[in-house]
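Given next, in structure tokens, is a single chain: the form predicted on its own.
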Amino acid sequence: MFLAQLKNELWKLFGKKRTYIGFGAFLLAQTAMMLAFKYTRWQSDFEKLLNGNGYLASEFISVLTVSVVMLIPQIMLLMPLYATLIGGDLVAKEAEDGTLRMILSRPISRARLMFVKWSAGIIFAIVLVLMLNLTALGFASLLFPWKGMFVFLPGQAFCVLTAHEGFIRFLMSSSFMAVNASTMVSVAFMFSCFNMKPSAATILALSFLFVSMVMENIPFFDRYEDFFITHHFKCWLLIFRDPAPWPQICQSEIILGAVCATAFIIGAMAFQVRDIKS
């Protein structure tokens, strides 16, 4: 019965037009960024960076390098918006439409209903990240060769890898991105379980994430950076360090998993005591 209910939730989720807003935005953003990298000074500046560090640019301006270059701003700016948009809809939208009363008239507990909806949101987050990474690789392969990988982000990542090792690191980073997206969806889901509009749940989740990001970047709070959720979102970039700081990555992944579970528990408890008739 759980799988049948999950299937129904996924049909409802992927049957909404607004579910695909994020997919469309990512496609447009990746197309624009790839063309900008290829036909503006962006590529020449990147080649100077490689040459300045003693590497042959022609060996590292590749599919994997350009894919990561395109992904970094999208993961930081666009993913929180579209992940929380869906998470904020999971419960609040059905309450707004009045369909929750009909659903709860069936012999299913509220906790189980919340778990089904939360699971559907996690699946959406995974699909979103999978599509984002596959399209990044696909678009980049149209204009760039499959060669070595170079990743440089000041203070975050710096590595030069072969194509094989770079692809393995890219796959690992994709799994960490999925955890990030799942955490964003979970936070929005938590707010969605309270008595509020879907837009309010989305705005609150976004505000929580952006306040965390702003406070994390204030020098005074450097000693407390482990307490900010956005600090742990950066673990997908740490995989591109050489060597990769696995203890720090594992710690961040455990914390993000705990945040997902905590958000679900708080949301489910809030919905458990909520009066749907009012």
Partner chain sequence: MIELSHVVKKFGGRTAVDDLSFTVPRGEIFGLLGHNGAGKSTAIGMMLGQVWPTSGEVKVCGRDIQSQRSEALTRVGAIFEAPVFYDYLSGERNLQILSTYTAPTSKARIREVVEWVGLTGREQSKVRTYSHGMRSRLALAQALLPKPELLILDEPSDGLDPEGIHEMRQTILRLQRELGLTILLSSHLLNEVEQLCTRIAVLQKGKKVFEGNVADVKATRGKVALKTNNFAEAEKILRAQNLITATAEEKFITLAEGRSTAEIAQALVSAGLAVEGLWQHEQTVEDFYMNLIKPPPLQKN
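Just so you know, these numbers come straight off a predicted model, no measurement behind them. Positions refer to the first chain, counted from 1.
Separately, the form predicted together with the partner chain exists; it is not shown, and the next lines address it.
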Task: Selected contact from 108, 72, 153, 204, since only one has a non-hydrogen atom within 4.5 angstroms of the partner chain in the predicted complex - done: 108
- [ ] Mind telling me which stretch in 99-107, 77-85, 160-168, 134-142 gets its heavy atoms within 4.5 Å of the partner chain in the predicted complex?
- [x] 99-107
Task: Non-hydrogen atom contact residue 113 with the partner chain in the predicted complex at 4.5 angstroms - done: yes
Open item on the list: Can you tell me if residue 24 lies within 4.5 angstroms of the partner chain in the predicted complex, counting non-hydrogen atoms only?
Closed with: no
Open item on the list: in the predicted complex, does residue 11 come within 4.5 Å of the partner chain, counting heavy atoms only?
Closed with: yes
TODO: Scan 1-32 and write down, in order along the chain, each residue with a heavy atom lying within 4.5 Å of the partner chain in the predicted complex.
DONE: 1, 4, 5, 8, 9, 11, 12, 15, 16
